[in-house]
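A lone chain, given as structure tokens: the form predicted on its own.
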């Protein structure tokens, strides 16, 4: 069995080598994203694994994969919106993902961002960079006094809820699916609006699909308390960026922490010091009540290893059994 992996980073290579030894399977790695320009590299391999934010819309890619005998595409991510579902089905390519590589890695980032926001670190650090070390009346709040609102209480959202609950915060959540085992740590609300109106911190943990596109828009932001913060460690397009900028600029909300942004491709995890950033990026980065991190919520040793192991396990499962527990329903 021969497998090929695209979008491979240096930090994945140790885990890949260890997986090869455990399974006695040959794995070839490519640092570039899979694209129409390099899809011919797949010829001669049995299985394929990718991890990228670059979309794969062209029919020619799927047609070639099928012609090479490829039966699956294993994503080493939770999201799968880069896949052209129509083409994947047409050419009978099974898509798998890694739905829970490390919920704690993202949840711990959200906790870190919350701590920094309620301590006013972005504002303090912006002034300190210019030699102004005054407190400026920025009195902090303690987590046990806060109400944390979770939008999407799945694996990551529920893990974040447990962390906040352990620190004494009240946790409320909106999710179409209610899990009984969470009712000792959070209170479900009947609508997103109820959560937005009551919470001091809103943390987003929804997948990106047509139903969640810009679920945080101008109307949703207007429902938040002016002293509240919003954290997006989910996917960029679940928030209307222009509406968020206006809400932050006008003081309708107190601040934001953003680990993901719409159109982050080609910017996050890249050196763009000599390039002009999009206007919305520049506006957000200039605000002293905004924290931006380059989509690093997942980026821990444990998560990287899990993404490699589960992604390759999914590939082998499809090749040997024709099915995987992590198949995506397109």
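Positions refer to the first chain, counted from 1. Between two forms, the rigid core is the largest collection of C-alphas that superpose within 1.5 Å. Note that the coordinates shown come from a computational prediction; the quantities given were computed from them, not determined experimentally.
Not pictured, yet referred to below: the form predicted together with nicotinamide-adenine-dinucleotide.
Remark: residue 156 counts among the residues lining nicotinamide-adenine-dinucleotide in the predicted complex, judged by a heavy atom distance of 4.5 Å or less. Contact annotation for residue 152: at least one heavy atom lies within 4.5 Å of nicotinamide-adenine-dinucleotide in the predicted complex. Although the partner is absent from this view, residue 207 contacts nicotinamide-adenine-dinucleotide in the predicted complex, with a non-hydrogen atom inside 4.5 angstroms. In the predicted complex, nicotinamide-adenine-dinucleotide stays beyond 4.5 Å of every heavy atom belonging to residue 47. Checking 233, 146, 161, 220 against nicotinamide-adenine-dinucleotide in the predicted complex, a heavy atom within 4.5 Å turns up for just one residue: 233. Only one of 106, 256, 201, 73 lies close to nicotinamide-adenine-dinucleotide in the predicted complex, with a heavy atom inside 4.5 Å, and it is 106. For nicotinamide-adenine-dinucleotide in the predicted complex, the listed stretch (258-266, 60-68, 27-35, 271-279) containing residues with heavy atoms inside 4.5 Å is 258-266.
Every residue in the set 174, 179 and 212 has a non-hydrogen atom no more than 4.5 Å from nicotinamide-adenine-dinucleotide in the predicted complex.
Annotation: Cα of residue 80 displaced by at least 2 Å between this form and the one not shown, core superposition.
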